[in-house]
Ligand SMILES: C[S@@+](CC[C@H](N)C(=O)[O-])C[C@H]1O[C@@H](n2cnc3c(N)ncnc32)[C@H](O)[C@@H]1O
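Here you get one chain, nothing else, as structure tokens; it is the form predicted alone.
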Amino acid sequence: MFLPAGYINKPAFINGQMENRQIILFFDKLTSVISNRRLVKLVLSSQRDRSSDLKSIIITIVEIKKGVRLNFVYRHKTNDITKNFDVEEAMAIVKKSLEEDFFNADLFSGEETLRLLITGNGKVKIRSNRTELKPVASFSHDRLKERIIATENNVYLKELGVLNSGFEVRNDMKDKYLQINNYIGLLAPFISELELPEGFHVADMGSGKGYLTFALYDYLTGTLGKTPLMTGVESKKDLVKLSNEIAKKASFTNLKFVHGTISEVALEKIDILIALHACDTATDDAIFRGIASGASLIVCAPCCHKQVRKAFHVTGALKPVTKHGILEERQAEIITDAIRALILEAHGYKTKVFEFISTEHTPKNVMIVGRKIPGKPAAMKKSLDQVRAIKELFGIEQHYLEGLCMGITNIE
């Protein structure tokens, strides 16, 4: 029985106990899919304490010598910890984790994706979507090392050199495989919050060799059962050619790669925009493309912050802050990304700025995520006022993204 989407009810916790009707329904469903062996995975995410090193918990069924257990993968910033619990103990841990550690629980079964969302003030919402996920073929202990992006018969990972001819992760590519899975795990909660149209368009600006582009397309189509159109934008022609050849071999019919720059490439309406490690103002070009297109989700991991650093004219008590090169560089990074987040907010986006696992390519590890929401003009004006105050404080004439957005008229 499918639960109706959009359920909202009273506070989740009464006298510290999980007695809310929505939570009871959720745990009834969880118990059912476990007992019927229909559980693909349960993911607890959205930290209550943003400073916590524990980022999420991924729960699957496993069969060991002692019988059926639930396998918990505690995903930390730099490592994973795996533990097995019997079903009764596991359910108690899930409930406690939702009380103390996480706001969201995503339940993936063979025919349905069920999402439990708990707000800061204790209200509960349940969203239910029909899906057609592949059933788990085996619950043996050997599955414990599986991740979001499976290796079995994975053509694109083999063609990209992550897997060998036997579809096993190459020793020298284990970090890359971990990076790919962490990236998808990070995006998954944001994507699940969106109400996307059929055939929605995803643009990956600066797709490079395409590791993460392929993985996101795989996740959207294979795991979520969606039918997106996806475009990888890359300035190097050889990488575009290679990526298109791999997409064809993988039968990813709605994924294409095009040659061009972030600021100039011709694209259809963008619903999700990704830009990872676009250098300096290329990040601003990407954010601008997303804002101008009214994208539902904008995700960027900035790299280099030269424009603002060169624009600094700091006087007064703050002058010593930029006296030393390393301090000036770090201050420029903070100011650049703070203004980017505020400009996103001024155009109707709810933003989050946080650390994510550094890649092998760069030590930059800040990610900015903007989700389009109905905005309030007063709040948007406040964001622009804050941008002006920051610029005045650091003697900045104009932020590059600010200049790009001047012609946009979609501020609500």
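Position 1 is the first residue in the sequence shown; the rest follow in order. Model, not experiment: these values are computed from the prediction.
One more form of this protein, predicted in complex with the ligand, exists but is not displayed; see below.
Contact annotation: the ligand lies within 4.5 Å of heavy atoms from the stretch 271 to 279 in the model of the complex, the single such stretch among 69 to 77, 271 to 279, 92 to 100, 153 to 161. Residues Arg147, Leu178 and Asn182 are none of them found to lie within 4.5 Å of the ligand in the model of the complex, as judged by heavy atom distances. Proximity to the ligand in the model of the complex, taken as a non-hydrogen atom within 4.5 angstroms, holds for one residue of Thr253, Thr119, Ser235, Thr227, which is Ser235. For the options Ala105, Leu216, Ile339, Ile262, the one in contact with the ligand in the model of the complex, meaning a heavy atom within 4.5 Å, is Ile262. Interface membership of Leu239, defined by any non-hydrogen atom within 4.5 Å of the ligand in the model of the complex, is confirmed. Taking the partner from elsewhere, Gly208 is found to have a heavy atom lying within 4.5 Å of the ligand in the model of the complex. Proximity of Leu212 to the ligand in the model of the complex: non-hydrogen atoms within 4.5 Å are present.
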